[in-house]
Every structure is written in structure tokens, then in C-alpha cells.
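One chain is shown next in C-alpha cells, namely the form predicted alone.
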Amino acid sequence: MWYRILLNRLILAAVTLLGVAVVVFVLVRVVPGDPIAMMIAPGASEADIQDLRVRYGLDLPIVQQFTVWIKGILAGDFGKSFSLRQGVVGLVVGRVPATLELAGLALAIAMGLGVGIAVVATLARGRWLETLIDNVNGLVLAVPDFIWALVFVLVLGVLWPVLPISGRVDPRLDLDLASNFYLAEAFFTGQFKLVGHLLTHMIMPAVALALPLAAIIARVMKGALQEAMLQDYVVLARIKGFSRLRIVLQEAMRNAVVPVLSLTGVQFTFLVGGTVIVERIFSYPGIGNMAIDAVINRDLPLIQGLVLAFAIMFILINLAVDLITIVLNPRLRHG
């Protein structure tokens, strides 16, 4: 039953989070570099350095440090950022909406492009257009998202400056929003001018993230569609006189979408993680950009909080995809 699957997934998620917590806690402490050295002013005395170690609990044995951190997490306290002097929970929660909106827009673009390309390639099977699509698709897939980001910055931001190349919104703009989900809130409250403004800042990083994923979706969807076109129900539709486009969209698409959905869910987790470099290139204020700053500053509490935030998002996304796949696939649902 579905509730047993959900229970098993939740137990596995808890074990996974504990494993992630242990690994990240140990790694950030064995990596060379002293976080206290990043905080102190030049000429600070040894007493000042030791005082900071005691204040942040870095003088304790590593096992005791981990115990204190886990107890804090269970109480909802992820610690205080060394570099920003603010609570980690507030910092992460304030940045997560920006990354989720960017990744969500990239996913929507990737799905639209990938499915559209797969349909065209299926309709053009055996012709020169299919070969052209396959070659272009392979080229797009071979280029990483951060390379696309750099190309867009150079072409659309420098040589032909038509789009902003940094930030999430113009800092001179006075936002009247209640949450950090700027795009979603602006859309649902009817502030369509603001939606357009936000999209101009998001479109380049979103497309850069979307292109490699779109190529993967197109390849898998094309294979699933072509396999579905060989099934008996498609032959019956041809006998009934359905057009090839109608057969692809109405008959084959329903069975081809399940494997593509599973793949997209897995790839979306990588998409969220892949925002790190792209956000940095576009100075986009998401958790990816914050993660790079945290690593540079050796901000241990913030690094730990961000890694756990990524892990939680990955687990929730995969859980949602598993449940949706079970709902859409009768064999899995009844099994």
C-alpha cells in the first residue's frame, strides 16, 4: 500500500539525513583552514583567538561538538553564522525561495523544450530533420550549464546588452511583497509588471540551467515515444485513421510520460545543486551563491545548514516523484 511506501521512504530519509549530517560535520573540520582566522582582525592576540574558540564551541572535542549541534537541530537551532552573525535557519530560509523559483523556471523551460523536441523528432523519424535534431541535442548535452551561462552573459549582457546580468531584482525597485517567493507572489497577486521584471533577471540563468536538462528529457522522451509507437493500441489508432500528430500526442504520450517523469525528478535534484555556479555567475541571491561565500569564509555553521537544506530538498523532491510515479503507473500502484 502507498502508506507503507511512504513510511519506508520517511525512515530512509531520516537515516540519510543523519548520514549527511555526520559526513558534512566531519569534512568541514578536517579540511585545512581555520575558521577563526577568517573572523579575527589583524593583530589579534592569542587570548582573543582562544576566546572566540570557546564562544563558538570549537575548543570542545569533535564528538561533543557534534552532539551539541544535533541537540540544537532537534530544538530548531542550526547555530549562528560566523561571517554574517545571524541565525543559520533565517539565512537559509531567506534564500531558499530564490533558488526554488529559479530551478522551477528552469525545469518548466526544460520540460517544454525537451518534450517539444522529442515530439518533432518522432514525427520526423527517418528523415534528415531527425538526424539534425539528434546532433544538436548531443551538442547541447555536452556543454555544461555554467558554460551556457558565460555565453549568455557575453552575448546578451555585454555584446548585445538586452538583459540584466546580475541580481534577482533591480535594487532601486521598492518591492511590496510579503514573502521571498517573489515570482509566485507577484503572479498570484496580479502584479504582472513585476513578474515581467523578475523574469528578465531570471531568464538567462534559468535557460542556462535548462538546456542540458532539456537535451536529456528530449532523448529519453523520444525513445519512449518511439517505443510506444510500436504498440498495438497505436496500430489500432492508425487503422481508425488518426493523424500521426494525434497518435503521438493522444495515444503515445500517455505511456511515454511515466519514465520521463521519473528521470525529470532525479535530474531536478541535480538541477537544484547545479544552481551553485550559475547563481555565482549571475550574482543571483540563492542558496547556491551563499554556499560559495560560506566555503570561502570557512563559515562552518552556515556550510552545515546549507548542506542539510540541499539534502532535505533532494529527499522531498525524490519522495514526491516516487509518489507521483506510483499514482500514474497502475502496475506500481496495485503492486
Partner chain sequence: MVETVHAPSQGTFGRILREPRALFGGLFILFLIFCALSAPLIAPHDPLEQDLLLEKIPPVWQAGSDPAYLLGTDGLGRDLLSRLIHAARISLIVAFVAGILACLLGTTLGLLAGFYGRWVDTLISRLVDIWMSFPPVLLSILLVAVLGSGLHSVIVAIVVIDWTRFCRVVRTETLAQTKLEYVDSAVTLGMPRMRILFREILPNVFPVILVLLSLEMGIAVIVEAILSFVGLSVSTDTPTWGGMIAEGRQVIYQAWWVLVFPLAALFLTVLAFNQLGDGLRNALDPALRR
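Residue numbers count along the first chain shown, from 1. The shown structure was predicted, so the numbers you read here are calculated from the model rather than taken from an experiment.
As for the form predicted in complex with the partner chain, it is not shown, yet the points below apply to it.
Quiz item: Are all three residues Leu27, Ile277 and Ile303 in contact with the partner chain in the predicted complex, where contact means a non-hydrogen atom within 4.5 Å?
Solution: Every residue of the candidate spot has a heavy atom within 4.5 Å of the partner chain in the predicted complex.
Practice problem: Answer for Ile292 alone: is it within 4.5 Å of the partner chain in the predicted complex, judged on heavy atom distances? | Solution: The answer is yes: Ile292 has a heavy atom within 4.5 Å of the partner chain.
Quiz item: Does Leu52 reach the partner chain in the predicted complex, with heavy atoms at most 4.5 Å apart?
Solution: Outside the cut-off, so no.
Practice problem: Considering only heavy atoms, tell me if Gly72 and the partner chain come within 4.5 Å of each other in the predicted complex. | Solution: Contact with the partner chain, no.
Exercise. May I ask you to check whether Val119 falls inside a 4.5 Å heavy atom distance of the partner chain in the predicted complex?
Key: It does not: once the partner chain is placed as it appears in the predicted complex, Val119 has no heavy atom within 4.5 Å of it.
Exercise. Sort through 185-193, 86-94, 150-158, 210-218 and report the only stretch with a non-hydrogen atom within 4.5 Å of the partner chain in the predicted complex.
Key: Looking at the partner contacts, the answer comes out as 150-158.
Self-check item: Option touching the partner chain, based on a heavy atom within 4.5 Å in the predicted complex, out of Met111, Met229, Leu263, Ile165
Solution: Looking at the other structure, the residue within range turns out to be Ile165.
Self-check item: Within 72-109, the residues that have a heavy atom no more than 4.5 Å from the partner chain in the predicted complex
Solution: Counting only heavy atoms within 4.5 Å of the partner chain in the predicted complex, no residue of 72-109 makes contact.
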